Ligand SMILES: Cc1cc2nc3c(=O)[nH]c(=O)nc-3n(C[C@H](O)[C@H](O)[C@H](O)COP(=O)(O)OP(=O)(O)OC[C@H]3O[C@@H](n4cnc5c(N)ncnc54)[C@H](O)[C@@H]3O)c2cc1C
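Just the one chain here, laid out as structure tokens, in the form predicted on its own.
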């Protein structure tokens, strides 16, 4: 069996960037991706626009041309999947990595389809696959959605949106404009300061005028087939009629997978241990890249500021080889 120089787990933008760096340095590599290319971006809301401009999303020095100041989901899919196609990236799709183990200096990577061997492994799996659950009765009802794609299914329905991040705010505004009766349940005292600057005044004005109802310093305590029960800032319990709950409370990395790979997780936020200059974890030759580095602090890393991880990792690997 061929022993790869690098096996990359995750075919998102940062995983692709790691592959480009491996190509540049004539290293043998493979990406294993459990879905399609840039799978997380594919599952983003259809009309999502990035906070950043196109040049900050570029990888491998390949220009990202966008006619709009802020590129959207479809443009990003075209860009990243186009790179994978044009650069003939060695990637296995719809193949899930089940286990990473190490014997001596060689990793065994067991997937849903095969077993691979590599000298180095890069985990670049992001955090979009595991919802940050509310852990309340009724959260498993079919009316509860942890992902939002588009507003049309919610027209003329009573919608509760949980959260105040970009995804929650976008869902609240879009469903409201398609005729939904929207109520926001927000754990904090205000809309998140991280909401896109051109969207934040919109949601605040809709709340101020009463078009969208919002309960701050509040949290859901139970979801039933026809209602939502929540506790407000005064500690009072209220119940409102409801058809759908969009629980957009964020997402988490696969901590079990990281632990089972031997990576040490630290503190309440389960921050994975790695060297800030090489991205190498406490397991020699096992690296982290991208947003997975942040643990529960998923706001720390983005495409824009983690693109450099690929170069840092490959430089370290090449330095050891030669």
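Positions refer to the first chain, counted from 1. Here the structure is a predicted model, which means the values were calculated and not measured.
The discussion below concerns the form predicted in complex with this ligand, not included here.
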Residues in which of 150 to 158, 136 to 144, 226 to 234, 95 to 103 have heavy atoms within 4.5 Å of this ligand in the model of the complex?
95 to 103
Proximity to this ligand in the model of the complex, single hit among 64, 255, 274, 44 (heavy atom within 4.5 Å)
44
This ligand isn't shown here, but in the model of the complex which of 78, 222, 129, 241 has a heavy atom within 4.5 Å of it?
129
Decide whether residue 313 counts as a contact residue for this ligand in the model of the complex under a heavy atom distance cut-off of 4.5 Å.
no
Does residue 279 make contact with this ligand in the model of the complex, using a 4.5 Å heavy atom cut-off?
no
Give a yes/no on whether residue 19 approaches this ligand to within 4.5 Å in the model of the complex, heavy atoms considered.
no
Any non-hydrogen atom of residue 291 within 4.5 angstroms of this ligand in the model of the complex
yes
Does anything in 5 to 22 come within 4.5 Å of this ligand in the model of the complex by heavy atoms, and if so which residues, in order?
9, 10, 11, 12, 13, 14, 15
